[in-house]
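Single chain ahead, written as structure tokens, the form predicted alone.
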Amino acid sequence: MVDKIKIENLSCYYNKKCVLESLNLNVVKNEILGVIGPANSGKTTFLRTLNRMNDFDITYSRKGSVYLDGDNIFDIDAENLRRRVGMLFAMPIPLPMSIYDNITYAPKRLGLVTKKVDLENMVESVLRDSSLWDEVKDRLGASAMKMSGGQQQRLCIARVLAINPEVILFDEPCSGLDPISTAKVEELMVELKEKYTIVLVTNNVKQASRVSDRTAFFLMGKLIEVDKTDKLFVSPKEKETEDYITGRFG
């Protein structure tokens, strides 16, 4: 197993208040790492640090190092980092334009794809990879705002794939979706790990148990335990982990 991301002694603060303390954790290439824990446990702060989204918050500060393929992400140009580490948010936010333009907007702006035929091939490829092609291939010029919530979320996944990232961060990607749409996104994540490394933050413990290869449990800003998912859910080492996954608290 090869580490794609390595976190060393990472501590994060908002207004100098510590919300994530001395985190040491690795993310293996082509795995889905699930991150679970109650509210205010540091999960989203951790996720947003991995592609430096927290840089936009003037109250945020941090100590420690995060390495992507051996390179410290805090020494990498932030825009280049976000091309390598894409992020999907809890609520789908399609751009107010066509399905086709939603996907081609970022690649064209970044100069990744310029020829029309290459754009068309890329659109088909990422829509197939996001399990959406068959549903929208005949209406690529239609507004993305008219799609269902589940389709919009898969469109947002396609939009992330269009910039050809190495890592995809999922922040509660199914929180607003119905069970059928949730199942489609979960199936998609399992398929995508063949090409990408995935970090999934979820409040849905059952979702983590279904799709994650390993699961990390955070509590009050600390990593309590990380292990293979089937092992952690069956025989956790720490009582706090057992209490959380069995619903005794959180």
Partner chain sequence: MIKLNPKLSQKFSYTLLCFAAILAIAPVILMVFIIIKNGASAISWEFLSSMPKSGMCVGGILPAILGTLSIVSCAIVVTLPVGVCAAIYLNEYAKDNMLTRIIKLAIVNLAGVPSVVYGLFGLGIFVMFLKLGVSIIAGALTLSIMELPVIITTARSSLGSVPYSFREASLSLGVSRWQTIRHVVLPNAIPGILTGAILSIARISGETAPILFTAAAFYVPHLPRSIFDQVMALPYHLYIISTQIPNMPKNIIYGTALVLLMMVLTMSCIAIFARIYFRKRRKW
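Positions refer to the first chain, counted from 1. Since the structure is predicted, the reported quantities are computational estimates derived from the model, not experimental observations.
The same protein also exists as the form predicted in complex with its partner chain; that form is not shown, yet it is the one meant from here on.
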Exactly one of Leu119, Ala106, Val136, Ile73 comes within 4.5 Å of its partner chain in the model of the complex through a heavy atom, and that residue is Ala106
Heavy atom within 4.5 Å of its partner chain in the model of the complex, from candidates Cys174, Val160, Met147, Leu127, belongs to Val160
Though only this chain appears here, would Asp178 touch its partner chain in the model of the complex if you measure heavy atom gaps against 4.5 Å?
no
ask   = Can Met53 be called a contact residue for its partner chain in the model of the complex at 4.5 Å between heavy atoms?
value = yes
* Should Met97 be classed as touching its partner chain in the model of the complex when contacts are defined as heavy atoms within 4.5 Å? -> yes
- prompt: Does any heavy atom of Met87 come within 4.5 Å of a heavy atom of its partner chain in the model of the complex?
  reply: yes
| Contact at Glu79, Arg83 and Leu110 by its partner chain in the model of the complex, all three, heavy atom at most 4.5 Å | yes
